[in-house]
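A single chain, nothing else alongside it, follows as structure tokens in the form predicted on its own.
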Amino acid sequence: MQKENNPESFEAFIKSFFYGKRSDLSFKFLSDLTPEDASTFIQNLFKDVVDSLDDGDLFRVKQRMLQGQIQGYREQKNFEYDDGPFHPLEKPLSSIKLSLLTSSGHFLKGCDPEPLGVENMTQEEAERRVFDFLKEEPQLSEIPFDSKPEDLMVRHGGYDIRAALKDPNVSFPYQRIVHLKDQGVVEKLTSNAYSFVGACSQMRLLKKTLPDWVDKFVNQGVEAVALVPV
């Protein structure tokens, strides 16, 4: 006797975009919406797509996705902290030594950090094993500011890297930082910019890893660090 297929509920459908069978990191915010809000979002998105086909203007589609992300992530409290260190600059911005630290998962070709001990891990495996990443201490990758975009690679299980593959500055704006230095906005840069995979053990990051990185920056004479989360 043929088994009857169990139909997938709409709630299961929207949850499947968050590291599920339909993992699409541009739409993982759907899992944070109620089924009613997700239904409204999808209906409006379909309407915007049709209107954009008519007039060729994709801006409304971008805005719809942005509004959905804002709505989905607005209530998240996972990484809110009541207080935090604040140290005002003691010198004008134009006379400081600056570095860059992002959680974008970039690294140089030939310098793969081999996460979880895996050589040449694919983006698909990183997405599939994102919960393994969340148990691990992050690894810091050093990337010279004079690197060419084609020398960079990116892997991260927590966000859609397709735009970053086309232009690393989308999530690792190292060339924009160099431009600011050339304009005199800051006086000097460190030799390297830095990146790590933000999907990692947050307690290890806060309690152990970051203090070590801070010491590293201080020893280089760094006076400020541009932080770029993803």
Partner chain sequence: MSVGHVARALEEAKIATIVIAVKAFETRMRMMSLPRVLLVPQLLGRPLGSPFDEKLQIDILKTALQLLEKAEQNGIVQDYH
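Positions refer to the first chain, counted from 1. Just so we're clear, the structure is a prediction, and the values are computed from it rather than from any experiment.
Keep in mind that the form predicted together with its partner chain is not shown, yet the notes after this line are about it.
For the candidate spot formed by Asp82, Tyr159 and Val225, every residue has a non-hydrogen atom within 4.5 angstroms of its partner chain in the model of the complex. When its partner chain is considered in the model of the complex, Trp213 lines it closely, a heavy atom lying within 4.5 Å. Among heavy atoms of Leu180, some come within 4.5 Å of its partner chain in the model of the complex. Residue contact check for Leu98: one or more of its heavy atoms lie within 4.5 Å of its partner chain in the model of the complex. Mapping the unseen interface onto this chain, Lys109 falls outside it, with no heavy atom inside 4.5 Å of its partner chain in the model of the complex. Checked against its partner chain in the model of the complex, the residues Gln69, Ser31, Ser52, Asn192 give one hit for a heavy atom within 4.5 Å, which is Gln69. Contacts between stretch 51 to 66 and its partner chain, counted in the model of the complex as any heavy atom lying within 4.5 Å, involve Lys62, Met65, Leu66, listed in sequence order.
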